[in-house]
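Two forms, one protein chain; structure tokens for each follow separately as structure 1 and structure 2.
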Structure 1
């Protein structure tokens, strides 16, 4: 059995300036090396959840915390942000809020965290080169991030965290501005890091990728985890998705349409590949 790397126990958090929202996670254990997808409507508490893994909650936010969050066995409230940031990397939705603000160029921006962690020069240069190439940022390496297109900025923000290869990688809807190819590159790289043993927490509205890559999905709403399940279990559950104001994958809708017409009574899928297989088996005339 693998150890739990993230543990929430009777965790409660209320922001000092917001009496209407409370995050409440009674009991959640995440095993080292898992790939967890997090979904939920706006205001569900996904970002607060990410913050409490990183220690931004309680260290940088004002509010009241109860219970505990343990990262690798250490309680976040007894640790410091700088200690936690050696284990946890957080990537935010808005790329510009992530830049160091030190007026660096793309390459320096990506080097920033590595320098802080005291990497040796040669290893650092190699890592930076690799990630710049993978993210197709080579042409822009010496430009200011502020002169880049929205998607390019986002890639810089992602690269500067992933290059550190922290044990726990928390991504809060990081691919919004990315084109399909870059989205795929990011998801694949994250999967690769996961295979190397990194624990991944990935908040995203891109259900198709989550369905393909995650071990487990956490569905959040109103500050709590309302459902935990395998990707297919969650993404084919129309009442559950509807109740929590989430979109229905098109493939799930198609199976539902067939069911309503009395043409389908087997299990649903949300994946294009499986749907092709299911339909070809069931309706040979369609091939």
Structure 2
């Protein structure tokens, strides 16, 4: 059985400048190697949840913390950010907000974190070469990251984090500014990293990708986890999604319309593959 790599216990965070909003997570355990999707309406506390895993909360935010968050058995409040950055990598929505600007090209941008941690040059060069190959950035290695497309910049941002080899990768709406092709590339890349054993926490409103790739979904609202379950369990629960001000996945909506029309009385699915199978079984003429 895989060990727990992230553990929240009676965790409470009260922002110093907002007495009306708290993050409350009583008991949450995430196993090593999991792919967890996080959804919720604007202001649900998703970014704060990410910051609490990274250690930005409590180290860089003003407020009061109770309970504990443990990363690999180490409490974040008792660890330094530099130590946590070796365990957890954080990817934000806008890649430009993560560019150091210290490097003239992609190679130097990726090297920035390694230099700060004092890696020997020979080891740095090896790591950079490997990560550029993994992210298919070789043809852009000597270009300024600010000259690249949004999708390419996001790949550089992720590569800059991954080169430090964190066990956990937290992504907070990393495809929010990207076109469909770049979005597909980023999700597939992250899935590849998950298959290599990385634990993924992925905040997104793009339910079709989360449904296809995640092991579990956390639905957040008003600073708490409202529901934890499989993608199928969450994305086919129309009352739950509506109650929490979320859209309905297109496939779920299709089955709901069929049900209302009296043409479907079986279970729903949010999966394209399962939908195709179900519909062909029910309506042979679609084969």
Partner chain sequence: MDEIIKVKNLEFSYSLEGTKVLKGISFSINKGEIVGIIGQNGSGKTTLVKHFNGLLKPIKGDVIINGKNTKEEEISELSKTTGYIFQNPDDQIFNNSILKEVSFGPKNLKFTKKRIKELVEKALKLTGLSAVKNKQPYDLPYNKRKLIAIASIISMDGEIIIFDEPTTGQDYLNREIVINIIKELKKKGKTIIVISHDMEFIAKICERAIVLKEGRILLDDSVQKVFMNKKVLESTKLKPPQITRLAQKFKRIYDGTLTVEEFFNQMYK
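Residue numbers count along the first chain shown, from 1. Between two forms, the rigid core is defined as the largest C-alpha subset superposing within 1.5 Å. Not measured: the values here are computed from a predicted model.
Only one is the form predicted in complex with its partner chain; which?
Note: form predicted in complex with its partner chain is structure 1; the other is not.
Relative to the superposed rigid core, does residue 96 relocate between structures 1 and 2 - that is, does its Cα move 2 Å or more?
Yes; that C-alpha moves by at least 2 Å between structures 1 and 2.
Following rigid core alignment, is the displacement of the residue 134 C-alpha between structures 1 and 2 equal to or greater than 2 angstroms?
Yes, because once the rigid core is superposed, the C-alpha of residue 134 moves 2 Å or more between structures 1 and 2.
With the larger rigid part held fixed, what angle does the smaller part turn through between structures 1 and 2, rounded to the nearest degree?
Treating the chain as two rigid parts, the smaller one turns 18 degrees between structures 1 and 2.
Provide the displacement, in Å, of the CA of residue 165 between structures 1 and 2, taking the core as the superposition reference.
Here residue 165 registers a C-alpha shift of 3.7 Å.
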